[in-house]
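This document starts with one chain, in the form predicted alone, laid out as structure tokens.
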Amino acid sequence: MKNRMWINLFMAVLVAGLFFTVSCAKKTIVSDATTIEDQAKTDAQAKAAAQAKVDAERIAQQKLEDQMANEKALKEAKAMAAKKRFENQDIHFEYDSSELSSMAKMLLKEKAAWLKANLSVSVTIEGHCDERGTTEYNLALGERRASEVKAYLGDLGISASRLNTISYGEERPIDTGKTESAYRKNRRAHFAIQ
């Protein structure tokens, strides 16, 4: 009986020790709330990464569109400047002459290149004179000047169907002064785009 008591006592101490050991052990408790929070955090990070990618692609697309718009605007500005230059650069002549100077031929080569690049454009070549001479003479001289320019452009490969001529003689001066400088400005062939 003493043995039995010792065994029971031993068993009681053993059971108490086990309870004590189990109750004091560090336990990692996994709760559903922690798992849900971690999943929500992971989802939020994935969504943020996807949104950042979409935003980066949108920004890249906008930059590309802006660059293309800038290039188009620059191209249009250059084309407009070339058109204005074409119209505003007159071919000048010596007094009582319809002969093209070397400078005039150089300008006409530039104009021919522009006309070749702009095939849909037709032009009227206006012949002008200074006020010296009779009205009839100046109209005829203006016509010769316009015709000489048209012929030279034709030699450079511009179709005659795209070129019209008209003579204004002394009727439309650029400079109404009575000086040689004013007369020089008025002896010209001017281009009007149709």
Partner chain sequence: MVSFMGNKRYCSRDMLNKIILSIIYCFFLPGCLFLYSVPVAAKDYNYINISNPFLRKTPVAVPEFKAFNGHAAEVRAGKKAWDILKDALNFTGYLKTMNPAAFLSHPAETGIQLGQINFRDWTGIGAELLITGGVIEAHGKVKLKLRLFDTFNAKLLVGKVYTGPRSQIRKMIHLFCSEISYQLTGKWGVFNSKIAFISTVKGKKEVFTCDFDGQNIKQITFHKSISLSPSWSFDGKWLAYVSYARGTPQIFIKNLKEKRGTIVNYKGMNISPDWMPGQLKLAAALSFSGDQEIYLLTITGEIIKRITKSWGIDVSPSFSPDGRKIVFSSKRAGTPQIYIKDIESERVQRLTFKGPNNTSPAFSPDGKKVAFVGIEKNNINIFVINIDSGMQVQLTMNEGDNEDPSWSPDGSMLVFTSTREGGISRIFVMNASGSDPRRLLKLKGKQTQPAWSMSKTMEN
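Numbering follows the first chain given and starts at 1. Predicted, not measured: the structure shown is a model, and the values here were computed from it.
Another form, the form predicted in complex with the partner chain, is not on view; read the next lines as being about it.
Here the chain stands alone, but in the predicted complex its contact with the partner chain, taken as any heavy atom within 4.5 Å, falls in 136-144 among 154-162, 65-73, 136-144, 48-56.
Residue contact with the partner chain in the predicted complex: residue 87 places no heavy atom within 4.5 Å of it. Proximity of residue 114 to the partner chain in the predicted complex: non-hydrogen atoms within 4.5 Å are absent; the residue sits far from the partner.
By the criterion of a heavy atom within 4.5 Å, residue 175 is excluded from the residues contacting the partner chain in the predicted complex. When the partner chain is considered in the predicted complex, residue 110 lies well away from it, no heavy atom lying within 4.5 Å.
Interface residues of 84-100, taken as those with a heavy atom within 4.5 Å of the partner chain in the predicted complex (partner not displayed): 95, 96, 97, in sequence order.
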